[in-house]
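Shown below, as structure tokens, is a lone chain in the form predicted alone; questions about how it binds or moves come after it.
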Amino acid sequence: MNIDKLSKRLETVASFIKPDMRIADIGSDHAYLPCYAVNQGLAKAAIAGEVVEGPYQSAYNQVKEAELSDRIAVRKGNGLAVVNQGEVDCIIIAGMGGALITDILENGKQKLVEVQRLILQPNVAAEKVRKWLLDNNWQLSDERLIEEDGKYYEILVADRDKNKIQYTNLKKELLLGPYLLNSKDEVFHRKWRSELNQWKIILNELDKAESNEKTAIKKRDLIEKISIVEEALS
């Protein structure tokens, strides 16, 4: 692996690291992101956290091979258990589902007291992450939506010291992202047209399924989301 080059997704994530920050990359896999960030001078030190033995060993070997062991600590542990309080300024969690990201943040809340920035890239359910940030006094300060290899990725950046966003339509902004709604670029349109098509297929299947309380709730939720997205795209 060339530590001077990342995927578009991880490069976009890394672009939100403030100069001289100490970062922790949770679920670091091969530690590509910490190696890149430290090597490029984006971060002054890093922790690469992994819970699974195989990826932990891959991360450890990658850091050693890059000769960055003096600035990157590779640790095995669950979520924010790999971080000591006050040790980092920025937590990065990329490439997981939104529900898992919020679980990691919720379970490690005490480790976030002195953290200044969160850079989060949920593969799905970004609205769950936005809701957690809102409920826990983290201010969403930037968002990016990118497309890479036919997949769409939302990157959410939250800070401690920002003024609160004034949400005007909470459900819509949590689902689609207040900053992304402002730009509504071509990638935004492509992503949400694709989601709409999927939801309509699911809704069609639910219409054929046996009606019960669970399917009724799911249908209501889908119909509401479809309405929100169609209005945003119009």
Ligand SMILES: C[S@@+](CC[C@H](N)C(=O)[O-])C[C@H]1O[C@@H](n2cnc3c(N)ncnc32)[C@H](O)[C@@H]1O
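For every residue, the number given is its place in the sequence shown, counted from 1. Treat the numbers as computed from the prediction; the structure is a model and nothing was measured.
The protein also exists as the form predicted in complex with the named molecule; that form is not presented, and the subsequent description refers to it.
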is_contact(residue 55, the named molecule) in the predicted complex, heavy atom dist at most 4.5 Å: yes
In the predicted complex, residue 30 touching the named molecule (heavy atom, 4.5 Å): yes
Partner contact for residue 165 in the predicted complex: the named molecule, 4.5 angstroms, heavy atom: no
Interface membership of residue 51, the named molecule in the predicted complex, 4.5 Å heavy atom rule: yes
4.5 Å heavy atom contact with the named molecule in the predicted complex for all of 10, 79 and 104: yes
Contacting member of 83, 134, 90, 100, with respect to the named molecule in the predicted complex [4.5 Å, heavy atom]: 100
Position in contact with the named molecule when the complex is considered in the predicted complex, options 26, 176, 37, 63, heavy atoms within 4.5 Å: 26
Per-stretch contact check against the named molecule in the predicted complex, the hit in 143 to 151, 108 to 116, 125 to 133, 90 to 98 (non-hydrogen atom, 4.5 angstroms): 90 to 98
